[in-house]
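Just one chain follows, in the form predicted on its own, and it is written as structure tokens.
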């Protein structure tokens, strides 16, 4: 265990501009485990790969984690006892450790140029072999090495990995893992620019930060032996490993950055709720052991158990996420729903004088994802073109002839309701009274009325609600247009 026996986990993203869902889930499991065990959750920014660095990307990481309700105990902005928590600010720390390994024979200076390595790689490929560094520079004498260093020859420092035997470790998800050492590469620890590689910095930082449980993606299962050889070379305690199943779109495909389904921000922009996303993401690769599906973050902390992580890849099913999202929206406080849906209404209804509160009441049950809202309410802003066939509905016993009668019945009733009495209750009472008088069935009148004023078969709310939302002038204008459409269909 770490300092005084407490569990310490870390999330160590690279600031590349976006938060991948796989990375977000890794953060979530690290957070849940640390909270469950009463330990510390540490945020470390791994920015040693300067070519991939994106301006402002660190803020994206902060905003995403905070927005999801994961607060870190130690990190770049909150500080802590083992900082700095940004790798590039630690860059002078790593070389002395690499030199220590050179002294003990666990690492060596390598002066091979890119060009030489490329030639050997191509030669290996021609022979049909997988290229790994051939320990060429390990044979240099200490004098030859010193001469090259004195001459200022560019170098990297490589790990001296064993070529025989096996390396084993225990993983809390995948069990006992054993790898033949002849598959290990002499990986670069310090690059030619003096910066550590991701692999080396990772080990040094995890040790110096007292990380007790390294929870990360399953793609690191096969690199872990190289890390463990470094821990052993330093005589350091090896952390516990928890490798997490990958997050896939289906059994054959990763989440695709191109299709807009890989990043947290993709879902937020589409109008998914963060809490629905976190709830669902927790269940992609882990299960609580019973049928419960809905969890707040605190409830997830309560039930989280590493033993229930799956080995198989977790399938991220957007339809299932959408189902969760619709449930969360339905259970949402109405005022919060109204505030969230307003900008989506505005896209198609801004300046139309529509009663958003009433529209939101009609829409909350029907909203699955916010970005689908504009299409569902656009008809209120502008009557869509529609086909006269919509007036025919078997179950409602209506067709164009019946519809013509129905609209002729409704028009004078609605004309006679004063503007200041244009309420759903009045619309309902006057229309129902007229329908009963006429001896027609409700559906025979209300279906054609709804088609005329909405131009579509499926709408939030019925004829009365839509007429109320549109207001008197627009309702009458649309009914008259409907009557013209029916007339020209008859003439044709």
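Positions refer to the first chain, counted from 1. Model, not experiment: these values are computed from the prediction.
Quick note: we don't show the form predicted together with a small molecule, though the next part is all about it.
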Of these, 356, 294, 198, 323, which has a heavy atom no more than 4.5 Å from the small molecule in the predicted bound form?
198
Looking at 220, 231, 174, 131, which has any heavy atom no more than 4.5 Å from the small molecule in the predicted bound form?
220
Heavy atoms within 4.5 Å of the small molecule in the predicted bound form: which stretch in 161 to 169, 309 to 317, 212 to 220, 397 to 405 meets that?
212 to 220
Does residue 12 reach the small molecule in the predicted bound form if we count a contact as any heavy atom within 4.5 Å?
yes
Close approach of residue 46 to the small molecule in the predicted bound form, 4.5 Å, heavy atom:
yes
